[in-house]
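Only one chain is given next, in structure tokens, and it is the form predicted on its own.
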Amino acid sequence: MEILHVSAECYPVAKVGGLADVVGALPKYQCLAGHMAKVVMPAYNTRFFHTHEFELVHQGGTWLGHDWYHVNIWRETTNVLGFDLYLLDIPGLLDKDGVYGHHNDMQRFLAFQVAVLDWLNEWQHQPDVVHCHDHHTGLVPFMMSHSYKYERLRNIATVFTIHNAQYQGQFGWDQLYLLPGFDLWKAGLLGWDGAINPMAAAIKCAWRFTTVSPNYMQELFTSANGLEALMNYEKGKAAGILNGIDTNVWNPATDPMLPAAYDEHTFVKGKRENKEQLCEEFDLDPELPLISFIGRLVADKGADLLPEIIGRSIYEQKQQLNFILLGSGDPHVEWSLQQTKLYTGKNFNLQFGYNEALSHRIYAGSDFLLMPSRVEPCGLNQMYALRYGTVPIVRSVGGLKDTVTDFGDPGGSGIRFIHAATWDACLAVGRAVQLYHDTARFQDIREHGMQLDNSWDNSAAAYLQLYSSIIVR
């Protein structure tokens, strides 16, 4: 099969969240399985674009309403990611420093989608599947099915993956003229709750839609930020497929970002060396249990709970544990964390922003990883933690529930709690401290977690099976 993935992010080209990790890994594993997977994404002004070899494979133009834009498409020539990577450049729209957060994001990503289909319309052959990721590409299935100029694309199977249903890309009906022409009787396929809704349109128009974990799919039937009725109506097209992780990138035995390499046989010594260096860097006591948080400081991640969880846990445990945090987001949460640091002494330290190398060192040097998420479609951090012998402390929600079993249950590899509340998270932290001091059991649980198979092999196979069930031969 030939699969074209369409996405706003792809690691390591441009990353904001887990979407990039998925799109950077799934196509590689599909190629390893003998298929031809490709990725097309916007050509942002990134270091990757300027430091890798590209060749120009397409030049053209695209209309967005009454405005015409020049389009260049560049292909990475060395296959450094393990699949064909195409960067779509629209000067003046997509060539920005950041992925999101611009005043014209709606126009940027709409132009990207139209340009992708204009390019695909010129191919001499057709791919078997166009796989779209999140709302930034959600109008592609509608346009492939109903826009007049893409009539030759109508028999190409489309799959849409919901990475996070909280963000749906809605915009007003006054912008309808920006879309390529179609029969206006079909306009209802674009709308939901009084607006054009790209995610809703994709759920309606894609041949199949998926979520990034089975449990998250079940949650969306009752809590989907307003799309619950649509999710249930289109239930027959739904599939929950758990994300995996790239075990070549995330491998403590070969990770070049770690001070000391280790595997499931040498993790006691290896993690100790990584922890000592991390604690020295952040002025923490390596003899105490170390709990970390890595991620966006937003409500979905339960970040607003962190200041109280950290402060209360440190004092409930009589300052016999440490916390370290890496992330950025809500300014108020950042301020609250800074205030927490003032009164927790040498038991808490943090770095705002995101640093890929530091995140690897934190996974390797921590004893536990805390994820008090309110919403977690899949979550990759807990799988990275398990791979690095770090025990995840997670709220039992979304993909966290699918991937972490409580150590009190058979085969358990982590600690789970139920409520997105400080008191419940603190109880889980207390259990973690107790486990830390039960040395033999703690080592057994860490070793078991490192041996779990969370690779993309099974997930990639599930997607390939889904594609096979719908493609037209």
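Note that this is a predicted model, so its numbers are computed, not measured. The first residue of the shown sequence is 1; numbering continues from there.
Just so it is clear, the following notes concern the form predicted in complex with a small molecule, a form of the same protein that is not shown.
For a residue to qualify, one of its non-hydrogen atoms must sit within 4.5 Å of the small molecule in the predicted bound form; all three of Leu19, Ile294 and Glu376 qualify.
Checked against the small molecule in the predicted bound form, the residues Trp207, Tyr262, Tyr363, Trp192 give one hit for a heavy atom within 4.5 Å, which is Tyr363. Exactly one listed residue, out of Ser396, Thr247, Ser359, Gln317, brings a non-hydrogen atom to within 4.5 Å of the small molecule in the predicted bound form: Ser359.
Only one listed stretch (263-271, 86-94, 347-355, 304-312) carries heavy atoms within 4.5 Å of the small molecule in the predicted bound form, and that stretch is 347-355. Mapping the unseen interface onto this chain, Leu139 falls outside it, with no heavy atom inside 4.5 Å of the small molecule in the predicted bound form. Mapping the unseen interface onto this chain, Leu326 counts among the residues with a heavy atom inside 4.5 Å of the small molecule in the predicted bound form. Contact annotation: Arg108 falls outside 4.5 Å of the small molecule in the predicted bound form, judged by heavy atom distances. Contact check for Val212: a non-hydrogen atom falls within 4.5 Å of the small molecule in the predicted bound form.
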